[in-house]
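Encoded as structure tokens, the following chain is the form predicted alone, with no partner shown.
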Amino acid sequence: MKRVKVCLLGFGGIARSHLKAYHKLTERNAPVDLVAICDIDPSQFTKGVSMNLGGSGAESLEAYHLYTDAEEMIRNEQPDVVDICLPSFLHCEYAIKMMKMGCNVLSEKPMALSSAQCAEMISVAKETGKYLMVGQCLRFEPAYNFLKDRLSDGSFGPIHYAHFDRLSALPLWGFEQWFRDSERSGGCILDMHIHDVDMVRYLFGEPKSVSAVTTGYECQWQVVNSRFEYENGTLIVADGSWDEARSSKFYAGYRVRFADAEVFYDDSTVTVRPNDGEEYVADLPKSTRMADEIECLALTVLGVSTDQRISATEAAKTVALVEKLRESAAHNGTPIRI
């Protein structure tokens, strides 16, 4: 099988997680080869990064060509895919630039800062014939796909309600403190809470209305409580925060009440508590979500797979739903019809 050549653009915090994913892909002999890394700041290649997912020490990059100019990297390497791990306010600009230079694109979430930018990216993807995929990686996470499977097979009965959490201290590792600048990051609601917004859509479909309240101390939309209402009466609630204590660790979890069981996820384990019978821990495969999403795009580029779990259109709809939540927050939590 032909192999897909990848260049990584940006080498900040999240790029270190992507690098580990490429190592896993090499171990499983996936048809993906990371060949080069680019960052405007060459010191990024020799220092570690401390982020909310845990610290990352300096990486050995001897196997890769290193660049500080993106266009030079593309001209020299001629990659099939560019993996964009730049700050959010650069996603639209560089995704468009890379597609116009002949590359397929995997871009970190959020897809862009606005629906208008998302539409522009989708338009360029159509014009160039290139694949554009957005890293809403929870769609490949076993703990969330366990819920997806139970909703599909109905083994726990119909859904009653669900609650999602995603909590962190304010990120401090970003280039020029861009996370603190709401105009460049979109705040917690767009940068981190968007994972749970996307999961709500992925698991339950489009809500009939949404509402949200937010507050901020060091940036706008720093803390958010979102509610998603459905025609059948199901209520979904999600909390996101960039205002946890500096000493706290990142946390993500959920609790979901089905008619016949409750399901809890505490950032490590999925526990099922049936109405009748003893609780048990779900037997799930070890998560390799970032490696899986990268391989998904590679196999699509090769024509081997048609998995469209994270199409650009899907990612754009999630950004649009975040905009509806912001609209509600701007009107003191007034529900907004979808």
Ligand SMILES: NC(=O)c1ccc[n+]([C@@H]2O[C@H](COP(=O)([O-])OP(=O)(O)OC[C@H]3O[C@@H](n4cnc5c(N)ncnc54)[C@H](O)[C@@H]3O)[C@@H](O)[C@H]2O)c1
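The first residue of the sequence shown is number 1, and the count goes up from there. Computed from a predicted structure; not experimentally measured.
This next part talks about the form predicted together with the ligand, which is not shown.
- Put simply, of 130, 139, 150, 195 only one has a heavy atom within 4.5 Å of the ligand in the predicted complex, and it is 195.
- Shown without its partner, this chain lists 251, 161, 230, 173 as candidates; in the predicted complex, only 173 has a non-hydrogen atom within 4.5 angstroms of the ligand.
- Using a 4.5 angstroms threshold between heavy atoms, residue 79 stays clear of the ligand in the predicted complex.
- The shortest heavy atom separation between residue 288 and the ligand in the predicted complex exceeds 4.5 Å.
- By the criterion of a heavy atom within 4.5 Å, residue 86 is counted among the residues contacting the ligand in the predicted complex.
- Contact between residue 59 and the ligand in the predicted complex is not found at the 4.5 Å heavy atom cutoff.
- Partner contacts here mean any heavy atom within 4.5 Å of the ligand in the predicted complex, and among 295 to 303, 272 to 280, 308 to 316, 31 to 39 they occur only in 31 to 39.
- Contacts to the ligand in the predicted complex (heavy atom within 4.5 Å) from stretch 177 to 206: 178, 179, 191, 195.
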